[in-house]
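One chain follows as structure tokens, the form predicted on its own.
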Amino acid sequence: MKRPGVILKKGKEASLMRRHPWVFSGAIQTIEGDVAEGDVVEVIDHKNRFLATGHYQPGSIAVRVLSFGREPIGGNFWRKKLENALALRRELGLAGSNHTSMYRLVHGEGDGLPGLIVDIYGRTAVMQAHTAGMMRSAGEIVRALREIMGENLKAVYNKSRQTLPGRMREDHRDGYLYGEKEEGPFLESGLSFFADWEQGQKTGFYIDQRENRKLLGKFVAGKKVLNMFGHSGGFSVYALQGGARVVHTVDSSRTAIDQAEENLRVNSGFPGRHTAFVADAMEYLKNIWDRYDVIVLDPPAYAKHGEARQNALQGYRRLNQAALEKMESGGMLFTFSCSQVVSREQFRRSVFVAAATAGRHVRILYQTAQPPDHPVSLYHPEGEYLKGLILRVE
């Protein structure tokens, strides 16, 4: 059966010729055939030349490209893509590791599967579909996962309610597509963590900060550390393991703090060196008299779309200024943005203004990003969402 065709306006094929994986609605001249949300379509230029195959979805990003060739989007396609993704994680020393059992298997466009996230926790895969097309393909994706992972996969949990578009989100219920719940803890760099993919944030744990947590552990021996927006305590565990004298974990969620304390207990607890606070970040920084040697700022995304960018940049400025004013001379600030619409340059400029306003002399020691199991396609720079600055503060 001939696929429906999305016909582009003259001159709008240039981005696809550069292998960018998105087609915006404003580039479309017309649509041939009966097309429903999530259907596989062919993208055609104004001269009727084939360009790509992808999932169609109403909205600003109308087509997300699955292939720049004409090929069936079925069992073999999913299996090949997932085999390539798994092979990369094996090369990175993650899949099959004895010291890390949490990693990202599929990172959307970075793995040639736009709209799909798959994270691995032990022998459970947690899937997030961001498009109707990926949600409709869930059954085939699960079959392919089972084929390539074999006995290393005992369950697949679909956590897509918060990531699906529009009406499909309203009709969706999260749950197991295969198998049953596996209890933790799970390993990251030899440390143990519980992950709550059923009720927790994201897919259950902030896997993308793994390398930054390891980096923190190198600079905290004998130091007083504040982990702001501490969530389930990942940075706090690494800080205490690295020899921090005192660690304070702050989060506005009581549930998050309970998870953090559970993760501390499973890693020996570090008695007398850790205190947790349920508090708003800005209120905590404004009202304390303490000064810290190391502060970690890992807030949730301040902007999820371009219209909110300026407010987000002001939020980053205020937060970093408040933290810089509570730091000892010679201290270190680990500050991050996970807002995709905020560029690395924009985030750095906000931190620059914060430092200048706080009157602190600041040097950049590291500029960090997401780890390699969250790869960024060279043709899709928008995939680089996590930006970090590791600063020395005088």
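All residue numbers are counted from 1 along the displayed sequence. These numbers come from a predicted model, not from an experiment.
The next section is about a form of this same protein that is not shown, the form predicted in complex with a small molecule.
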Q: Flag this candidate site as yes only if Ser252, Ala279 and Pro299 all have a heavy atom within 4.5 Å of the small molecule in the predicted complex; otherwise mark no.
A: yes
Q. Do Pro114 and the small molecule come within 4.5 Å of each other in the predicted complex, heavy atoms counted?
A. no
(Q) Is Ser137 part of the interface with the small molecule in the predicted complex - any heavy atom within 4.5 Å? (A) no
(Q) Residue-level contact is defined here as any heavy atom of the residue lying within 4.5 Å of the small molecule in the predicted complex; does Gln201 satisfy this criterion? (A) yes
Q.
Just checking whether Ala256 would be counted as a contact of the small molecule in the predicted complex - the rule being heavy atoms within 4.5 angstroms.
A. yes
Q: Heavy atom within 4.5 Å of the small molecule in the predicted complex: which of Gln128, Gln209, Thr124, Thr131 fits that? Just give me the one.
A: Gln209
Q) Which of His274, Arg213, Lys159, Arg104 has a heavy atom within 4.5 Å of the small molecule in the predicted complex? A) Arg213
Q) Quick one: which of 91-99, 138-146, 308-316, 231-239 gets within 4.5 Å of the small molecule in the predicted complex, going by heavy atoms? A) 231-239
